[in-house]
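Included below are structure tokens for two forms of one protein chain, each presented in isolation as structure 1 and structure 2.
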Structure 1
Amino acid sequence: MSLPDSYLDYSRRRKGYDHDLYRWSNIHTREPVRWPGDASVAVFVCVSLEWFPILPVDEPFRAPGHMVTPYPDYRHYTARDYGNRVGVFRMLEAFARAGVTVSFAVNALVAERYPELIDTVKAGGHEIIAHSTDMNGTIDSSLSESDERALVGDALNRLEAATGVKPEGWLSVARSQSWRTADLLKEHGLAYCCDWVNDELPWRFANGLINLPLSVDLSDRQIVAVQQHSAEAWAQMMRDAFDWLAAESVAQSSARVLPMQLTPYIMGQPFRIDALQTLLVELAARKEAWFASGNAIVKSWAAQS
């Protein structure tokens, strides 16, 4: 099939990006950033609390981790729910033992269904950020503006009603946004989202919303579930990342963020949880480390940027 000559038109070939959502900048030459206590690496642990309806929807798309077999998919429904019943409590214990504060990205339906879990998260002093309504609440540009606005509003209202906390952060399912999402999140009063993985420090969209990058490549889903490494190999990668960032921070006199996304049904398994707990205890003892919620990191960054 031949191509029209318009295929060789490059109307957005210009200095800077081919979009106006945010501006380019080089992390290595930015104004230095410092964290409280002059820690060099902010460790941003973000736990996803997900509820997968046994009736998946494929519009806009089926979320990663969703149902696989013909109905009724007891296997995946229950294996995911294991995370909310068991795995996450192991993680909460590990956080308490390491003395660290983290963020929980929570489907509104998880908060409505499992109030005891939310109470434990809050009692641990952790942050709750919004993570859509449930794992059917996906977003991309095929969603109409009114449907997307309704989804974001519904997720935020129900999460706040169920937790008593107004969330300041947002994580989209599979980090998938439409062209409108950043504006809709801003319109709903959110301070930050975690969907764009292009940086290792927070940055601002043109509309003022902040993005706190939450790496896919450093997530337990990518390393353990997709690439099929052991929890111990995952922990070694986190140590390698922490050591590199700590050294880079000293060399460049500017702090860094190490994002660590955790999934209760993955890293909360009995044979994996020790690797997580050992790593957290070890890193928390490092003088370079500042374990902080997303909100705390964003606030610290915004005060100096």
Structure 2
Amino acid sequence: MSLPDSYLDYSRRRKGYDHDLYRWSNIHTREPVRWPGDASVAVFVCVSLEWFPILPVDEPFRAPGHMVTPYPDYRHYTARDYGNRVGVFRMLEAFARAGVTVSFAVNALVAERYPELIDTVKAGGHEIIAHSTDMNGTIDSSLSESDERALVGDALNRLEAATGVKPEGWLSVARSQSWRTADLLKEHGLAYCCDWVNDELPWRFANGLINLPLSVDLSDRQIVAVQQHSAEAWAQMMRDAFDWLAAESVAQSSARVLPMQLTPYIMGQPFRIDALQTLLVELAARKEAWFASGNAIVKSWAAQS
């Protein structure tokens, strides 16, 4: 039995992804991008400040890194709490020693429960990005539009009330979106998100929202916690990625972004923090590097695009 002629017809069939969310393009076909000071690689450090409720919620899905053993899961609960009580302050000291500015993706509950931590982040001149309400605040297309709109609004309102700062950026839990998320983020006045990982430069959705890619493969959670590499191996991977992007920038006459996602309860451990600090100091001394917050990178790119 042969298929009908209409079987392969699809109104959204086109170059790249089959949707209307954004216009697809290869990175090497775009107009050249330059960073301040003629740097070739913008280093985007994003630290996840997360609150994992001791009782996870599986709807719409359980967030990666959430509680896994029967309730109450004190072992994983306190391990994650360690990041907000201890590990993140080591990271803040490392950022200060390297003289770099970063972004913190913050659950609203973290901002409410740890005001001294937020004060320290702000005092260091770092950016605060919205990161849902807590790690039960996941999004996918099974969530109704009204519930998703309420979740985004609740996270933004609580974060602004707790920090005094209106976030410009958004990072979804597990980088997960519904078909409506980009429009809802734009509706709430956000300038950019970090959920789509398919590039090494920012790009625009059709609605004007900008995406700043935050690689999963280069995150400490993926390399250290999941793949079980050492902190030193992770740092060497970051050096290799920086060197490659710097050379590629010269070859293609256009800048690149190196994302570095960090998790305080992972990289803030006393046997790992030196690898991070050494890497930051080393890269900050490179003439090709521009360490910048997400909003600074997005604004620089938008001014050229």
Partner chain sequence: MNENAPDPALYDYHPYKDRQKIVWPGGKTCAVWVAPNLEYYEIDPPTNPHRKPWARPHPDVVGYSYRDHSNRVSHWRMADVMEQHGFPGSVSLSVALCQHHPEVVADGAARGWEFFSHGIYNTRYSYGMDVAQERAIIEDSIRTVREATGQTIRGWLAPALTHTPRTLDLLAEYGLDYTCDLYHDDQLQEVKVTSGKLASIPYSLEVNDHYGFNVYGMSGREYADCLIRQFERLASEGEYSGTVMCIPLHGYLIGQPHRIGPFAEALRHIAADPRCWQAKAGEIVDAWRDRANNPSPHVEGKR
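Since we're looking at a predicted model, the values are computed, not measured. Every residue number counts along structure 1's sequence, beginning with 1. Between two forms, the rigid core is the largest collection of C-alphas that superpose within 1.5 Å.
- One of the two isolated chains is the form predicted together with the partner chain, namely structure 1.
- Comparing the forms between structures 1 and 2 on their rigid core, the Cα displacement of Lys287 stays under 2 Å.
- Superposed on the core, the two forms differ at Arg12: its CA moves 2 Å or more between structures 1 and 2.
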